[in-house]
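The chain that follows stands alone, in the form predicted alone, written as structure tokens.
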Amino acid sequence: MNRIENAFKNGKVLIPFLTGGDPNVDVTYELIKVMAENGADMIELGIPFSDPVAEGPAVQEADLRALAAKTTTDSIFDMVERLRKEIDIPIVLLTYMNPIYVYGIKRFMEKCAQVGVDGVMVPDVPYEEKSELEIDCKENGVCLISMTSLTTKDRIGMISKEAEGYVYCISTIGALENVDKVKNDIADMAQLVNEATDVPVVVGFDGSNVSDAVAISEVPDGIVLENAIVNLVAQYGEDAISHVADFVKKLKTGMIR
């Protein structure tokens, strides 16, 4: 059983996202450690990129801060390798095709396996073109995470059928005005995924309200914090570690109840 599969064996999964190298690699290292210590079940770690077309302003700005701090793909790999001496929760890299292509697809996936990366998400590679990455992912035991959304209902089954690790259902859920409606929408999306695969379903949440996040987490198998940690790092910089630890602990405690 790999680390991703194992993470879903103990109930609802909490997956914070953060941009590697924001505000610098050393702080990212400490942030991941304290999130793991305070209830994070998995980490989604963004490799900073100058043109993150699938991201909103918060992550775009985080990428720019990380690039200004001289963060590179290799410095992210080195950090993950160091982290593997400290934590054992899954780490999934979020990146784009350009950085992978420049690094070399085969070399990138080999490096993922070498340092202990469990999966990769590449938002700008559509289902029809995933074979360009899939072979090297499989050869190195790296999950290629599938992404889908309610706006593409007719494709959810097709995408989910070949998914591995988990299916990431994209949402734009921030502050909730009608929790029940949002939960129903998520349930509809999760049902379409579940009809095609037994792979777990996680949903992205871009807000920072703990009670909203807890409410949303009741439906899928897990929840991804898309902006909450990024926003805390933007606000507190190098002093964000304790604030991030407290936020993750409160959210995980709420999800357990």
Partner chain sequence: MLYKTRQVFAKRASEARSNCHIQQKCQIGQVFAKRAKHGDRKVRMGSMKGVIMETGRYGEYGGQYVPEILMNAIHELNQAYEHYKNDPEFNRELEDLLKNYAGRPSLLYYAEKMTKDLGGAKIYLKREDLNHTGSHKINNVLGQVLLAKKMGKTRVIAETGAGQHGVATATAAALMGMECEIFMGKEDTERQALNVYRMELLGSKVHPVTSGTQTLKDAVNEAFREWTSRCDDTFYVLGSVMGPHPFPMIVRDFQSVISKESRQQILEAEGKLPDAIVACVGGGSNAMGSFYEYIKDEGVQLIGCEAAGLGVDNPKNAATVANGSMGIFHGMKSLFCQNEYGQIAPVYSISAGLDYPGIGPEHAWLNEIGRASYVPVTDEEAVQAFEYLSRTEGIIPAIESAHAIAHVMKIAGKMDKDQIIIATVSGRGDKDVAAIARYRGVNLYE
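Note that this is a predicted model, so its numbers are computed, not measured. Numbering follows the first chain given and starts at 1.
Not pictured, yet referred to below: the form predicted in complex with its partner chain.
Colleague: State yes or no: in the predicted complex, is some non-hydrogen atom of residue 52 no more than 4.5 angstroms from a non-hydrogen atom of its partner chain?
Modeller: Looking in the predicted complex, residue contacts with its partner chain include residue 52, since a heavy atom lies within 4.5 Å.
Colleague: Spell out, yes or no, whether the shortest heavy atom distance between residue 97 and its partner chain in the predicted complex is within 4.5 Å.
Modeller: Close contact exists here: in the predicted complex, residue 97 approaches its partner chain to within 4.5 Å, heavy atoms only.
Colleague: Applying a 4.5 Å heavy atom distance criterion, does residue 115 contact its partner chain in the predicted complex?
Modeller: No.
Colleague: Would residue 88 show up as a contact with its partner chain in the predicted complex if we use heavy atoms at 4.5 Å?
Modeller: Residue-level check for residue 88: no, no contact with its partner chain.
Colleague: Given a 4.5 Å cut-off on heavy atoms, tell me which of 55-63, 199-207, 185-193, 222-230 is the interface stretch with its partner chain in the predicted complex.
Modeller: One stretch meets the cut-off, namely 55-63.
Colleague: Quick one: which residues from 59-77 get a non-hydrogen atom within 4.5 Å of its partner chain in the predicted complex?
Modeller: Heavy-atom contacts within 4.5 Å come from 60, 64, 67, 72, 73, 74.
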